[in-house]
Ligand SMILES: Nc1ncnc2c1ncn2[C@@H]1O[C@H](COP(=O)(O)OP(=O)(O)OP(=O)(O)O)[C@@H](O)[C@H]1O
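Encoded as structure tokens, the following chain is the form predicted alone, with no partner shown.
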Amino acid sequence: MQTNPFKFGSVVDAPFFINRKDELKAVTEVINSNNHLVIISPRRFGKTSLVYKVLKNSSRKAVVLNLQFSNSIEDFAAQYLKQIYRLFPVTHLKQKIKNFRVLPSLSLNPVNGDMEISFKPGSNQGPLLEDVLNLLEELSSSTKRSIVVLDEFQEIKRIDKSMDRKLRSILQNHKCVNYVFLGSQESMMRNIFERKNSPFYHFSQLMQLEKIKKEHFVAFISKNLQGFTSENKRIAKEIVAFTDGHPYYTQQLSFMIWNLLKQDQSIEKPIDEAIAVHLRMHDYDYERLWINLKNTEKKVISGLATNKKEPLTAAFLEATNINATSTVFSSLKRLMTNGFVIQTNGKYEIDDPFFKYWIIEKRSN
């Protein structure tokens, strides 16, 4: 049975992984050296898939944590230690854990065989973090280096205001672990790694992950639509034009069109049909998003949807009836934090092309 060749919403690997040869090479080179890496891009650009691809091609042990799901230093340390338990034999860890200055609570989950780990809230956080983070360094060596991937690293200050200082003081002494820091909030990540008085100032090499090159997407889509229509290349170009090459939405729209063409290859305008279906399904969701925006945010996002003018310019202010660039900037900052707007190559744009189209349709009606 032929399966849909497009995938979105989760980590992507072959055969869904598209090109990124230069990026794969760059990431591999850094983590094969004695250096660390920061990767910044908006959400759903494929940071995690890129790093997982590199890890899969490597034989090295790796700890991967998403800081969005850590609630405290104790919780972070417990999740980190749990990952280590998955990598090394329990007998190998037992004696080392006994020497911890803050002992964790350990219990074996009889359902999945995982080790359940927790630290008592209010524990002495300094020694706790040191013991857990240093454990992987002790288990590694110059010939068997480990990798640690910390996703959504901008969340570090939410977990604890002093956690960046505590982490840096420990990680700077590690010689057998490569650290990869992923982040979706560019301003916050740059503040962590490029501000001179930040503990992590110039700790890692910085990489800005851009969209997949449009010609690579067009080739991939065209190839996978080839069996359905002779217009496959034209349709591929129209898909990429609509999504502006956003990895997640390009895969999503391609997935929908593939399904439509599989059912009926005589559809004259499959892109229009797929967009219409999506908007009907999500009309209420988009309306709810719109209602919860502040009035100035509505003006800014409408301006981004319907105007070719750049924000923070006099022409944009006039077109949107906003008084000051500072007001636009504040709204853009909130919209970016909440995931409505992204910035790529210095250009502000609406993250979701379907939401952008919904706004245009509603305003025109």
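Quick note: we count residues from 1 along the sequence shown, nothing fancier. Just so it is clear, the model here is predicted, and its values are computed rather than measured.
Below: the form predicted in complex with the ligand, not depicted.
A.B. asks: Looking at 39-47, 314-322, 329-337, 26-34, which one sits within 4.5 Å of the ligand in the predicted complex if you count heavy atoms only?
C.D. replies: Result for this chain: 39-47.
A.B. asks: Q79, Q125, T243, S184: which sits within 4.5 Å of the ligand in the predicted complex by any heavy atom?
C.D. replies: Contact residue from the list: S184.
A.B. asks: Can you pick the one in E152, E238, E74, E130 that has a heavy atom within 4.5 Å of the ligand in the predicted complex?
C.D. replies: Here the answer is residue option E152.
A.B. asks: Does the trio F8, V12 and F17 actually contact the ligand in the predicted complex, every residue with a heavy atom within 4.5 Å?
C.D. replies: Yes.
A.B. asks: Please tell me whether any heavy atom belonging to Y248 falls inside 4.5 Å of a heavy atom of the ligand, as the geometry stands in the predicted complex.
C.D. replies: Although the ligand is absent here, Y248 would touch it in the predicted complex, with heavy atoms inside 4.5 Å.
A.B. asks: Taking the ligand as it sits in the predicted complex, is V148 near enough to touch it, meaning that at least one heavy atom pair lies within 4.5 angstroms?
C.D. replies: Judged by the heavy-atom cut-off of 4.5 Å, V148 is well away from the ligand in the predicted complex.
A.B. asks: With heavy atoms only and a cut-off of 4.5 Å, decide whether I212 touches the ligand in the predicted complex.
C.D. replies: It does: once the ligand is placed as it appears in the predicted complex, I212 has a heavy atom within 4.5 Å of it.
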